[in-house]
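As structure tokens, one chain now follows by itself in the form predicted on its own.
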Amino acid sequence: MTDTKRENILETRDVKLWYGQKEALHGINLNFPQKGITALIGPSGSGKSTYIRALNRMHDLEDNVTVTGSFNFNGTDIYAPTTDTVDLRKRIGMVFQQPNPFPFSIYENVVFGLKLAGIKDKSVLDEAVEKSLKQASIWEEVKDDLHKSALGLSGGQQQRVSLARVLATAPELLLLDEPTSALDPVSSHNIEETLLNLRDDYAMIIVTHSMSQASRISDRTAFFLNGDLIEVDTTKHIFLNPQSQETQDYVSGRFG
């Protein structure tokens, strides 16, 4: 068991999810290694975003959602009654489809989670701001404007500040739910480059509707369809030599 835990940062078994009486996920078995990028692909409504939101208990914020299955995150049971969801969401950070900076300065955005955790030492906060903005590849663009509102930035810059805010709390796993779908091509490219720079230091799971994005930046790809996990393999195998006809049809553009 210990070897498996070292190998994988997260192991999920027989994950099922219901919206009321409607079963949206039908027993997903999926593991994620300690580092690198796993892409979740599939048509709209296939369950990929539903699944990723279950990983840091975002569904707790919705009514009438039931989640069952086993979620082992570095030895922690994500759905144990004793699990602190605030702490969990620091350890499993999330970047959403729409950039969501708070209506504060860039600096206050980045230190938000740290201040919430009770950190007040200015030198610690300053260092975290510089480090995480550099990790998010936006330090050079904003270092002279840290005390200006983050809402004055472009969409792509806002998304990188949102990423920096997540990175500042030193997460063990990053969830990215279509992080570039609201951005222009140049901003999307900047985000992709940033994620590639982080892949050796973090485990990342990205939901994307873009086949080309998945093939460019991910190490592994999982294909979802109608609430089922059809196939997971190295990205190269999924795109060049998938085992399932459904995967072949989807990645070749026959449906989706």
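Computed from a predicted structure; not experimentally measured. In this text, residue numbers run from 1 along the sequence as written.
Heads up, the form predicted together with a small molecule isn't pictured, but that's what we're talking about next.
Using a 4.5 angstroms limit between non-hydrogen atoms, Pro43 touches the small molecule in the model of the complex.
Contact between Glu178 and the small molecule in the model of the complex is found at the 4.5 Å heavy atom cutoff. In the model of the complex, none of the heavy atoms of Arg13 sits within 4.5 Å of a heavy atom of the small molecule.
Within 4.5 Å of any heavy atom of the small molecule in the model of the complex lies no heavy atom of Asn190. For the small molecule in the model of the complex, the listed stretch (195-203, 212-220, 29-37, 48-56) containing residues with heavy atoms inside 4.5 Å is 48-56.
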